[in-house]
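Before any questions on binding or motion, here is one chain by itself as structure tokens, the form predicted on its own.
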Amino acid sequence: MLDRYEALQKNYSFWQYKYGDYVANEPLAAGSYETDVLIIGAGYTGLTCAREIRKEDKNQRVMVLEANDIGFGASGRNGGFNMTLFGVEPEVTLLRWGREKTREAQAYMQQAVQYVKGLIESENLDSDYEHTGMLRIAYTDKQERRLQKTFKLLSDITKPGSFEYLGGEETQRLLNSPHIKGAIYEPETGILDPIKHVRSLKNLAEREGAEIFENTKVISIAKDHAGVVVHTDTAAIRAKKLVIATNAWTHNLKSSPKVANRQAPVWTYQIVTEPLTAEQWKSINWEKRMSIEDNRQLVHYMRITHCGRITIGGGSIGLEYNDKKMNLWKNENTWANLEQHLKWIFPTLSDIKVHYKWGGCVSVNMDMTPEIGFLGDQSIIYATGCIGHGVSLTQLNGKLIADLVLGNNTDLTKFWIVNRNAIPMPPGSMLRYAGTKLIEGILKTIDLYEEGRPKVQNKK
């Protein structure tokens, strides 16, 4: 079993640490290769895509390259929310794309949740899955008024029963916190262990015949008259079709045509507590184990782990001026604020200790909308912009991309995020960094205006 201190030093997530020993597949050996489909990135998107292609057409050779151990990226360090949130907020989607596309996006996300749930159940995956529902909570009158508007919008564009509005007293019967004014309850969502799930997806893809190589970093991508050529340090792979499923790491790919300006990485952080005692669980009355997000602009998300802890993340983001370094794994201030916020929500947990803390990055684009697109002709397909809400989204995206690779014209391939007219990231580190910091500052100001409350200081 990996030592906790060693895991922290290696920037592992809690889920990686808890998983225990893992034996990665061998890297791709030196040499020249030919394949029908090459997938870069073995997260939820890439592994789902590989499985779905092979499941439909066993004549397709599918190779998958992962730069690290499977689960080192977002697929192994997220909060584990099988949820229906698309992009940032439904109001943002409505403003940018209109009501009909907002309705279609919500329907896609509801389908995505059921896709993940159905896969886990039909394949009996060891994902620690619980279909417990989700609460979206407001702390103040201002937040509650905005939450009620969100509820009305969601109710207007979804089938009846998808969402329910709860007042403060109703919410507190489900969750004992003195600070909650109201909540949207969404019953058809769930939680899972992200690292167990992504490694289960690996097993499924291999069972269908996909070839997966870990710790194999791509150093260049180029096109010629015969297709796509991808190089690692020691190997060259010629592919008829290439899928770029690297999400928050996509900007580091050296490719022609260019893919680097499709998105940027934004860092987010989480902590997890020690196991709660029976008395502590009773004091917060979280018996139904639903996941929680608050209605802040810089959102907090919380859930119960299978092993009886609480994990909380979000609340603030990390940005790198030089995002080629990708080295903002740690943020002590954000971790401290997360602990403070958890104890503010649940005053009876004022003495709870933090057991583990970690960070990771999510893929963000200029219009805060997920994107699947082609580079040049249809031989290269990429996916970016999960905006930190990608557990269900990326898996259904993987099936959608498989349909595109196989040339299938399906309801999924008609979804409007495919080859949409996206806004590229501004050129250069300075403009990108300044623009993102400006947006962050605006969101912080809105939160301060709506909350207007000091935080309770941690007990030492």
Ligand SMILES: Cc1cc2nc3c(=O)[nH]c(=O)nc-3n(C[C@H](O)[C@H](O)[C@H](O)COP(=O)(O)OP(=O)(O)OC[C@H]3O[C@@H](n4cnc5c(N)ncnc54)[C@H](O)[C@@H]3O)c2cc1C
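Quick note: we count residues from 1 along the sequence shown, nothing fancier. The structure presented is a predicted model; accordingly, all values stated were derived computationally and were not measured.
There is also a form predicted together with this ligand; it is not shown, and the following applies to it.
**Student:** Sort through 338-346, 382-390, 139-147, 90-98 and report the only stretch with a non-hydrogen atom within 4.5 Å of this ligand in the model of the complex.
**Tutor:** Stretch with heavy atoms near the partner: 382-390.
**Student:** Under a 4.5 angstroms heavy atom criterion, identify the one residue in Lys258, Lys217, Lys324, Lys288 near this ligand in the model of the complex.
**Tutor:** When this ligand is considered in the model of the complex, the option within 4.5 Å is Lys217.
**Student:** If the cut-off is 4.5 angstroms on heavy atoms, which of these, Trp249, Tyr129, Tyr108, Phe163, is the one near this ligand in the model of the complex?
**Tutor:** Partner contact (heavy atom, 4.5 Å) among the options: Trp249.
**Student:** Classify Gly182 as contacting or not contacting this ligand in the model of the complex by the rule of any non-hydrogen atom within 4.5 angstroms, answering yes or no.
**Tutor:** Judged by the heavy-atom cut-off of 4.5 Å, Gly182 is well away from this ligand in the model of the complex.
**Student:** Does this ligand get within 4.5 angstroms of any non-hydrogen atom of His197 in the model of the complex?
**Tutor:** No, no contact at 4.5 Å.
**Student:** Would Val243 count as a contact of this ligand in the model of the complex, using a 4.5 angstroms cut-off between non-hydrogen atoms?
**Tutor:** Looking in the model of the complex, residue contacts with this ligand do not include Val243, since no heavy atom lies within 4.5 Å.
**Student:** Spell out, yes or no, whether the shortest heavy atom distance between Leu65 and this ligand in the model of the complex is within 4.5 Å.
**Tutor:** Answer yes; at least one heavy atom of Leu65 falls within 4.5 Å of this ligand in the model of the complex.
**Student:** Heavy atom within 4.5 Å of this ligand in the model of the complex: which residues of 260-275 qualify?
**Tutor:** Contacts from 260-275: Thr268, Gln270.
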